Structures are given as C-alpha cells and as structure tokens.
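Taking the form predicted on its own, here's one chain by itself in structure tokens.
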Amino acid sequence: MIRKRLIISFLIALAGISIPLQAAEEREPFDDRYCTTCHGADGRGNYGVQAPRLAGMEDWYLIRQLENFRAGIRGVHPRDIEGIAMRPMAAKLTDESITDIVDWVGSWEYLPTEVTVEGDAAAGAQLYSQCATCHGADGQGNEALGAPALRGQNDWYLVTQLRNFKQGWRGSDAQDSYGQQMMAMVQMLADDDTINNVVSYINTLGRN
C-alpha cells in the first residue's frame, strides 16, 4: 500500500512537471523577453532599480554586454549591486535568445532621457576631450573601437558605471579588454564631483 502511494505520488509529480515544461516550450520565443520588467515598458530605463535605457542602444554593444553577463565577465563583483542583479537574467540566455532580444529592443522608439545630474559642464568639457577619443566628440560612440554612444543615456547610470570602473567593480576581468581600458581612463576622474562634471557635459551633447 505504501509502495502504491509512492508510485502515485511520483506520477503526480511527473505530471506537474510536464505541464509547465510543455507550456514553456510553447512560449519559448517570448520567455526571455522580460527586459521591460526593470528597464521599463518603453525601454527608457528605471532609476528605482538602476536599470538603464535600452531603447536606442547599439545592437553590437547590447550583445557584448549580455554575453559578458552570461559568461561571468561582468556582474560578479560583490559591490556591483546592479550587475549582480542583472547577471542571473542573462545567465540562461542562448545565442538565439540574445539575438531575439536585441532585435526586439531595436524596434523600440528612442526618446532622450531626463537630465538629473548637476555639475560643472564647462569643467566636464575639458575632461571629456579624453573620452571623445573613443566615444566621439558628440558622444555618438564608435563601433570600431567598441565604444558605445553616451549621449542620451540615463545620466545617473553613467555616474554609477564611471564609479564602478574607477573602483574596479566593473572591467577588472582579464577577458574584458574594453572594461580594462575604461578602468584606466577613469582614473583621471578624481572624485564624485569630477564624475558629475563629465556627465553634466555629456548631457549637453546631441540628445536626438
């Protein structure tokens, strides 16, 4: 009798597993499209959870970052709170899922983000001349150099990432060559005020 109950329980458990698995397979093309939960329905970012704007971002940059999160190249430092939160989201993605997500995000309308950071933009302009070498004089980015566009990005996100690079919380992995370049470059930013100045200047660049 006990054995019979165990067998019945086992069969019920299997049935319970098979149903959600079958449902997951049926909706597989959409399973990984949960970006809007944090990044916003319109992909403009969410300050509350520090999730940056995705709408308008370059597909090659998005692919690289998702691959870095998936491989554990980014989002592993214990002080990179936002990165740690993002890594599990990317860990299970396949190459096909990443392509699907990036194509989907590419269909979103880009709208400039709000200006929230205050600083000395004139002072930031002098410092930005170094950034312009890779990111462009107008912050338009440069795919050949692996440098994403900065203009129009959430300014609070730029501040956080510059701090992360400066502290070595992002970019320290030996496989992240672009991150290591950024870690070296941001050392010219002495403190938070200097970071705010640079970001304030970026806010003055083309936002369309």
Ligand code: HEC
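In case it trips you up, residue 1 is the first one in the sequence shown, and so on. Keep in mind the model is a prediction, meaning the values are calculated, not measured.
Omitted from view is the form predicted in complex with the named molecule, to which the following refers.
Although the partner is absent here, residue 173 lies well away from the named molecule in the predicted complex, with no heavy atom inside 4.5 Å. Although the partner is absent here, residue 99 lies well away from the named molecule in the predicted complex, with no heavy atom inside 4.5 Å. The closest non-hydrogen atom of residue 139 lies beyond 4.5 Å of the named molecule in the predicted complex. A residue is said to contact a partner when one of its heavy atoms sits within 4.5 Å of a partner heavy atom; residue 55 fails this definition for the named molecule in the predicted complex, lying far away. No residue of the trio 42, 110 and 204 has any heavy atom within 4.5 Å of the named molecule in the predicted complex. Applying a 4.5 Å heavy atom cutoff to the named molecule in the predicted complex picks out 64, 65, 66, 69, 74, 80, 82 from 64 to 82, in order along the sequence.
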